[in-house]
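To begin, one chain is listed below as structure tokens, in the form predicted alone.
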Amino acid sequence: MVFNIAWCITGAGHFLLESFEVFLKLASNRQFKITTFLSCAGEEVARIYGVLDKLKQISPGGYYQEIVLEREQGKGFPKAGRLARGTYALLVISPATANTVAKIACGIADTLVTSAFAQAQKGNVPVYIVPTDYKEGIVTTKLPVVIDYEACRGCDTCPPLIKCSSNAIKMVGKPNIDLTLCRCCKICVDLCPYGAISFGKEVKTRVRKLDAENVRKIMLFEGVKVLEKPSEIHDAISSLGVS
């Protein structure tokens, strides 16, 4: 038996790489067909973190194995309508930004992902959500490619700038990375002789009380299970009766 799973990506770097690894493992099981849905922000962040070009390993194409981009779906999000027909066994939103969670909590369906959620509810499709702001407190997250300006020497000849295939590095006094162009090839990380460019640097951020409250609200929704981290998605698979 084949199980169709819908995976939604929103505009968060936090938990994105972990979510990708979970679904990459699921895709290796022939019992699953995975459709990947990306909001506009999700597409941008997936590119910035180097995931976008790898999604074909999870959704290689073909029916129920597409990569569905919000910017290509118009205002009606027709492919989200599949969820209302009950043709998916599960919808997973991971990572889910605080913005997405807030919209879901208020019943707003104006993006591809929030529309997919609403359609899943109509089709009695179970939904698993991994919010980036699970509970109040301090969380550790990883940054995309960044430059440490204290370590940067501002070299007259900057190898990362010269070799960047996306032209994402600009000289503004010192080199500056334009994340709207970066594709996370990480060549710049290897080329800087002073180690001033890094990927995955850990920083601490605070979860707002408001965002944690919205998470608690959606925990009460029928057919919705809120997970604390992507590794718990495997529990959803067990609930489908698949090992």
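The numbering used is simple: start at 1 and walk along the sequence shown. As the structure is a prediction and not an experimental result, all values here were calculated from the model.
Beyond what is shown, the protein has a form predicted together with a small molecule; the following relates to that form.
Note that among 119-127, 151-159, 165-173, 96-104, the stretch whose heavy atoms approach the small molecule to within 4.5 Å in the model of the complex is 96-104. In summary, among the residues V215, C188, I58, V45, the only one with a non-hydrogen atom within 4.5 Å of the small molecule in the model of the complex is V45. Mapping the unseen interface onto this chain, G13 counts among the residues with a heavy atom inside 4.5 Å of the small molecule in the model of the complex. Although the partner is absent here, T35 is not a contact residue: none of its heavy atoms lies within 4.5 angstroms of the small molecule in the model of the complex. In the model of the complex, at least one heavy atom of A41 sits within 4.5 Å of a heavy atom of the small molecule.
Contact check for Y64: no non-hydrogen atom falls within 4.5 Å of the small molecule in the model of the complex.
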